[in-house]
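Starting off, we have a lone chain in the form predicted on its own, written out as structure tokens.
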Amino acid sequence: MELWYTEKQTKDFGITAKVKTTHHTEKTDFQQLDMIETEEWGNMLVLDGMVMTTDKDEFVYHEMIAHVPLFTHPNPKHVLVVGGGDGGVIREVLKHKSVEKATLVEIDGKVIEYSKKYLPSIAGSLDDPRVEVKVDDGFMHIAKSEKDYDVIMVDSTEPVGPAVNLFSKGFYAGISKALKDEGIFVAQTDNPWFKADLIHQIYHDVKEIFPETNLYTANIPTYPSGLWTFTMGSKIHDPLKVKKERFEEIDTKYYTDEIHYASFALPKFVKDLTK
């Protein structure tokens, strides 16, 4: 008998993948966690019925949320990742030699535990000596921070359950306080096909707080619609004015200096969300 996993991305649309086996399923203190192995995408982490990451396409999301802000900042030393318990963003952050400390704040310790077990190529850097892992509420961690970080990355789930507060204007204001004077932050902000209103709201909330606010995109096939957005807020630095000599050679599969600039070229219907 064939088994298939389907994510209902709207009430009328979804994507489906053939399942080889279920590694683990658990209702944690915060969400439903499932780790499955699929024929097409390898191991897949699913939270509350939504695909978070897979062996096959994870590099796109993790590279794009990390390297765009890190190469925009002239000298990032202290980096915070809110969420991201699978460890993929941390892995990419550590590719930057200037980074002295990377802090991960993940509310659900079970995500870290099972990512280490079933997604070792993604989570393997969580034990690096430059990394501090905190199982804690990212919203509260931000509220208690002041000028502690050069770059903050919000690697959250969609705005449901424990992630709702991570999409609020108050949270973005707290991030601004937690950043140093040249600080930059980025958040995943969903897709423009099904969540246009959300993107519009987030962009304008961030723009009221950060002088430089930019929306950029990447292609991530297992995320709703495949077209994904990120919203970046910067106190000073413009990502489109990064000089070529700022880029250094790092090991990537998606991100390049050309992609850095090109990701800010938006289709008109996406650009319109920033107006």
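Quantities reported herein were computed from a predicted structural model and do not represent experimental measurements. All residue numbers are counted from 1 along the displayed sequence.
In what follows, reference is made to the form predicted together with a further copy of the same chain, a form of this protein that is not presented.
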property: Interface membership of residue 32, a further copy of the same chain in the predicted bound form, 4.5 Å heavy atom rule; result: no
property: Close approach of residue 60 to a further copy of the same chain in the predicted bound form, 4.5 Å, heavy atom; result: yes
property: 4.5 Å heavy atom contact, residue 48 and a further copy of the same chain in the predicted bound form; result: no
property: Residue contact check: residue 23 to a further copy of the same chain in the predicted bound form, 4.5 Å heavy atom; result: no
property: Stretch in contact, per heavy atom within 4.5 angstroms of a further copy of the same chain in the predicted bound form, of 187-195, 70-78, 172-180, 113-121; result: 187-195
property: One residue of 248, 208, 40, 238 in contact with a further copy of the same chain, assessed in the predicted bound form (non-hydrogen atom, 4.5 angstroms); result: 40
property: Residues from 1-38 in contact with a further copy of the same chain (non-hydrogen atom within 4.5 Å) in the predicted bound form; result: 4, 6, 8, 10, 11, 12, 13, 14, 15, 16, 17, 18
